[in-house]
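A single chain comes next, written as structure tokens; it is the form predicted alone.
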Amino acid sequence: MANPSLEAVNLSKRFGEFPAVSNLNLKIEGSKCVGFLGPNGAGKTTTLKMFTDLIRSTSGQALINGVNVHTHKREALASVGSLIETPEIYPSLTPREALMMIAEIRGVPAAERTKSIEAAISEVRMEKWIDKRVGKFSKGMKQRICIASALLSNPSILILDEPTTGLDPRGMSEVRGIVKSLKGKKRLIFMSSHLLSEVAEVCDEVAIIDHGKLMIYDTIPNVTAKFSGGENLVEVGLNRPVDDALLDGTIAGLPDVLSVKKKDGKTLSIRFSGDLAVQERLLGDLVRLNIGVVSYKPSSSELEDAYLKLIKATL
């Protein structure tokens, strides 16, 4: 199968005289997680609803795998799982019962429903709760079941609308962990959010929208570099504290490294100059130093700075 893709072509939506989305042109292709960022009212949910044909565009096209969602809805959405806004589940049902009903509505063959439900429940790590009443679940648990409902047909594309909204810190962490695990399944995940730290932690690329218009779409390192004079900042998690002499000498002396600071005993903040190729080489250099690297991610503060500069320019 070709790479999954989502494409907006001059996509617009007006509510009366209000332009919710204006001539949006955006093409996302391949297996990755793309964060869809913007302030409240920027047009994120409206865009996702047009991609799932929950609302019709005023003009332009929403294409999924090259197929127009509005004119060929069934074909376009056959490979899509979505979670828009905050769906609810009947509290008297168990996850198995609720998902069986959804599987039937979506046309999952009867012989495959049980297997599909158990596979989806496994992906959201709710196997122990599959036959418990949903009414007793926390918000985070309910949200995981809703994500499972989007996975029933084993889709190649997932559209998620602020999946952690309204959850407590534990629920947010659980859902983020599930989204990260879904990235390894050859899927294209398009996830709206207004949480910059969440996008920096989970996503590979970011599209920023404001006043219904696309401001930028690129990898997170490229977005942050654009607004920081070509510099990038990564946070490196370690399994053990690093010696100051190694920090100030060897690590600070790596090619293209501009500065190294300790955020805490086991987290380094490294500023460097360059693109993704430089970031890849830097990770390799750090691993070869055998300092116990266990995580490596763009700094959320850098994305926040870029976001605020970009949004401020549109006010």
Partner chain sequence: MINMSETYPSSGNVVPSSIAQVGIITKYTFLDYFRSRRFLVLAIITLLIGFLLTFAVGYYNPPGFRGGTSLNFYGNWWGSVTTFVVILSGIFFGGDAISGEFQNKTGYFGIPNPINRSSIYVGKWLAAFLASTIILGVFTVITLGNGIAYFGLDIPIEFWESVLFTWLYLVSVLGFTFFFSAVFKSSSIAILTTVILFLFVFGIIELVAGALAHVEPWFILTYGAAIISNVFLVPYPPHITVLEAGPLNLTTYTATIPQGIAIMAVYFIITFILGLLLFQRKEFT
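Residue numbers count along the first chain shown, from 1. In this text, rigid core is short for the largest set of C-alphas that superpose within 1.5 Å between two forms. Because the structure is a prediction, the values reported are computed rather than measured.
Form predicted in complex with the partner chain: not shown, discussed below.
In the predicted bound form, the residue from 204, 231, 97, 235 that sits within 4.5 Å of the partner chain by heavy atoms: Exactly one residue meets the criterion: 97.
Among the candidate residues 136, 240, 226, 185, which is the single one with a non-hydrogen atom no more than 4.5 Å from the partner chain in the predicted bound form? Contact residue from the list: 185.
Taking 4.5 angstroms as the heavy atom distance cut-off, pick the stretch from 68-76, 162-170, 209-217, 195-203 that is near the partner chain in the predicted bound form. Going by heavy atoms within 4.5 Å, the stretch is 68-76.
Given that the partner is absent here, does residue 54 sit within 4.5 Å of the partner chain in the predicted bound form, heavy atoms only? Taking the distances in the predicted bound form, the answer for residue 54 is yes, it comes within 4.5 Å of the partner chain.
In the predicted bound form, residue 153 touching the partner chain (heavy atom, 4.5 Å): Residue 153: yes, in contact with the partner chain in the predicted bound form.
Quick check on residue 85: any heavy atom within 4.5 Å of the partner chain in the predicted bound form? Contact check for residue 85: yes, within 4.5 Å of the partner chain in the predicted bound form.
4.5 Å heavy atom contact, residue 244 to the partner chain in the predicted bound form: Flag for residue 244 set to no.
Contact check in the predicted bound form: 90, 101 and 108 versus the partner chain, with a cutoff of 4.5 Å between any heavy atoms. Do all three pass? The answer is yes: all three residues contact the partner (heavy atom, 4.5 Å cut-off).
In the predicted bound form, residues of 9-36 near the partner chain [heavy atom within 4.5 Å]: Heavy-atom contacts to the partner chain in the predicted bound form: 13, 15.
Rigid core fit then residue 141 CA moved by 2 Å or more between the shown form and the other one: Passes the 2 Å threshold, so yes.
Does superposing the core leave residue 106 with a CA shift of 2 Å or more between the shown form and the other one? For residue 106, whose C-alpha is compared between the shown form and the other one after core superposition, the shift is 2 Å or more.
After fitting the core, residue 94 CA displacement of 2 Å or more between the shown form and the other one: Yes, residue 94 moves 2 Å or more.
Closer or farther: how do the Cα atoms of residue 178 and residue 136 compare in the predicted bound form relative to this form, given a change of at least 3 Å? Between the C-alphas of residue 136 and residue 178, the gap widens in the predicted bound form (3 Å or more compared with this form).
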